[in-house]
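There is one chain below, alone, in structure tokens, taken in the form predicted alone.
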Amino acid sequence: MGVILGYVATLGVYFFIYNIFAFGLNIQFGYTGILDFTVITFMAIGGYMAGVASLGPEQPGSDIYYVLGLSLPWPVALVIGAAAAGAAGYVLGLIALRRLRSDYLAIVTLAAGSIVYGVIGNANGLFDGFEGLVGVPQPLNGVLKLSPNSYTLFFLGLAGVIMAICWFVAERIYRSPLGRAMRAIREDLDVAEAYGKRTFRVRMTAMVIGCVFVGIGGVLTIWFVTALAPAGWGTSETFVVWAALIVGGRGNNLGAVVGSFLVAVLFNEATRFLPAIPGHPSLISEIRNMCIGGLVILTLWFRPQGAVAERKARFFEIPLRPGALDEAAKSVPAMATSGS
């Protein structure tokens, strides 16, 4: 019973983490139309920075090399990881958002992700290269002294609270004037500029906020796994986040939640625990990727708006009092005469 409970709690943690990833991408792509094809890179930046902020100083002879090692409390490490991801998104936005749109923007983000992957993997002194960080302290684990299953339940609650806060912030942004400006830019950037919207500033805001969300998800990831290496944030992980948003429905956060459950948890994470087929050790992972790809294709073909479609804003006619149109018609000649 304890094994099953721990398994379900583990899937719940990944569900909450992928929700945060999907919220961040939804702010960028669903709200504003920014094609961020390296979204998982900001997860890695947030996770790595929180990791080196939580870890103690580098120990000689341990063969694990990293910068900082500040031994900071976990709330401070969370802020550092989120801020680092947001700062990286700001730098990328300065390069990509001012002059590039659509396909060219997507190519630049993909290239930037490849550069970051290569730098972190080959610079052993940053985050121990391709070996990655290990032994990252978990929040309150040493204080609570819980069993592994009990701590997983505690972490599930912590991730759920952080996810709920991210949901609240994403919903507030969607319903705010900033959110309406984002959606206007998504629908037609040129028209939004013609109406006086500062499109670069709005797109940059969406880019940074989305990266902060993804960075928070990265912090939770490295805390839960207690390790992070480049093999865990490759292009396939970005594809999973995109697939979750496309299947669930972009432009609304409920769709992001539905997509995270269907793609990230049901197909991507739950299938990792299936037994390997004798003689074909990698067959399960390949079938998993084929299932996710097929689900995305079917969604785009039969229901491109996703499982939960975005609710468009509706404008209702305001009833006029009787005789208002007649009074307005009579006032037109009078206004013309006074103008002449």
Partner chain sequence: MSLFLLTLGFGIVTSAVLALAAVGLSLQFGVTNYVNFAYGAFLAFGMFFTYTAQSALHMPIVLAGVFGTLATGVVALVVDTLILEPFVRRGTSGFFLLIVTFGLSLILLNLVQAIWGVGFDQYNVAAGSPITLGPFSFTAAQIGVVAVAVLTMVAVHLLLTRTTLGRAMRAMSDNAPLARATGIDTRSVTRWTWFISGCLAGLGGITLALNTVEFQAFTGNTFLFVIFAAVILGGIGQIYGAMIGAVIIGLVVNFAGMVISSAYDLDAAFAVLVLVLLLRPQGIIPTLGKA
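Residue numbers count along the first chain shown, from 1. Predicted model, so just to flag it, every value in this text is computed and none were measured.
One more form of this protein, predicted in complex with the partner chain, exists but is not displayed; see below.
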Would I107, L110 and M290 all count as contacting the partner chain in the predicted bound form, using a 4.5 Å heavy atom cut-off?
yes
Examine F224 and determine whether its closest non-hydrogen atom to the partner chain in the predicted bound form is within 4.5 angstroms.
no
Is there a heavy atom of G69 lying 4.5 Å or less from a heavy atom of the partner chain in the predicted bound form?
no
Can you work out whether T238 and the partner chain are in contact in the predicted bound form, taking contact to mean some heavy atom pair no more than 4.5 Å apart?
yes
Touches the partner chain in the predicted bound form: E58 (any heavy atom, 4.5 Å)
no
Only one of 143 to 151, 117 to 125, 216 to 224, 82 to 90 has heavy atoms within 4.5 Å of the partner chain in the predicted bound form; I'd like to know which.
117 to 125
Please identify the residue among V134, V76, A164, I95 with any heavy atom within 4.5 Å of the partner chain in the predicted bound form.
I95
Sort through I246, A264, A159, M207 and report the residue having a heavy atom within 4.5 Å of the partner chain in the predicted bound form.
I246
Stretch 37 to 66: residues contacting the partner chain in the predicted bound form, 4.5 Å heavy atom cut-off
F37
